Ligand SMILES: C[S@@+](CC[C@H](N)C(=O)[O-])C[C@H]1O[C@@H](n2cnc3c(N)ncnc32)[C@H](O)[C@@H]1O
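Before any questions on binding or motion, here is one chain by itself as structure tokens, the form predicted alone.
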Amino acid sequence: MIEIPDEIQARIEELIAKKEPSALQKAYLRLQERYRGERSFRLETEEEHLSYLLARFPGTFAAASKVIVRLSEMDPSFQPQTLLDLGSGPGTALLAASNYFPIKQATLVEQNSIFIKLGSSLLQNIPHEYLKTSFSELKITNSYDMILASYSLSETDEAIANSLITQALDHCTYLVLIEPGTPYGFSRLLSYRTHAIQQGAFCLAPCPHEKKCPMGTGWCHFSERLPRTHFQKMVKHASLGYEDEKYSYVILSKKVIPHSMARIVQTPKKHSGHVQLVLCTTSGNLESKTVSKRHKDLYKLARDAEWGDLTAE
């Protein structure tokens, strides 16, 4: 499980210390009703922002952290020092990235004044600046080691999102895009992937190819289990001590990326004596693979494999 660092959790708890739990619970219920109707977390009051921070920050932090881990697995030499975050919210993705990379300067694009205030409290140890501008007005002119957009592009017009992707690909080594692991979130992400490849981009992860996505009527997504904090359970009226954050992502680059391994795109089915895997392969196809005990070393690897891992074809 990916957990929020203690110092960040402590700062979050400081931010909500003066708020009544019941007010935060009611605020989150309003957000849920709004999201069902509009497919967007439109935040208004300070209580709604804080309830979002309590309820959604852990999940989006876990998803961003796992995607960063995947990037590091694919390119261990990549050590970005500069970062541009498109639609940063309270700085969630930057906080995740700074746990793994030596970020020395970050630029965060965010219009929401309350999120900027909250982010400034959470990002005390990371050099950063805010650009309070809309996606439609943003022009990316500086170069960054990494540009990311986490749970943000699907809330804007697709043409504007594609324009940002075109600009970003010319101004970074890697472009990281993360969306909710829902059919809608994946459909938007898939359109971004298609647009990026048309602009000459290559896929680092999760796709082991630049061909048409083979998912068909399904959707490519992954899941990260995270422990629920006391405050998260309180806001959500939840009893379980954990939850699963489902997300879709793609990591893109203008540099050529060779592909030699397949990606596990469903939870491995582990039986007595064999493991069944569903793979997205370098050929651009989905393939089922059964690894039995007689394969010995390969079987051991398959037994330890997780949804989202790379594996030999």
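Every value quoted in this text rests on a predicted model; they were computed, and no experiment measured them. Sequential numbering from 1, following the sequence displayed.
Unshown form predicted in complex with this ligand; subsequent notes refer to it.
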{"item": "Residue (of F186, Y144, F231, Y151) lying close to this ligand in the predicted bound form, criterion heavy atoms within 4.5 Å", "value": "Y151"}
{"item": "Proximity to this ligand in the predicted bound form, single hit among F115, Y174, F222, Y192 (heavy atom within 4.5 Å)", "value": "F115"}
{"item": "Stretch in contact, per heavy atom within 4.5 angstroms of this ligand in the predicted bound form, of 231 to 239, 128 to 136, 213 to 221, 70 to 78", "value": "128 to 136"}
{"item": "Output flag, P208, S260 and D309 jointly within 4.5 Å of this ligand in the predicted bound form, heavy atom basis", "value": "no"}
{"item": "Exercise: E110 in contact with this ligand in the predicted bound form, heavy atom 4.5 Å", "value": "yes"}
{"item": "E155: touches this ligand in the predicted bound form, heavy atom cutoff 4.5 angstroms", "value": "yes"}
{"item": "4.5 angstroms heavy atom contact with this ligand in the predicted bound form for Y28", "value": "no"}
{"item": "4.5 angstroms heavy atom contact with this ligand in the predicted bound form for T60", "value": "yes"}
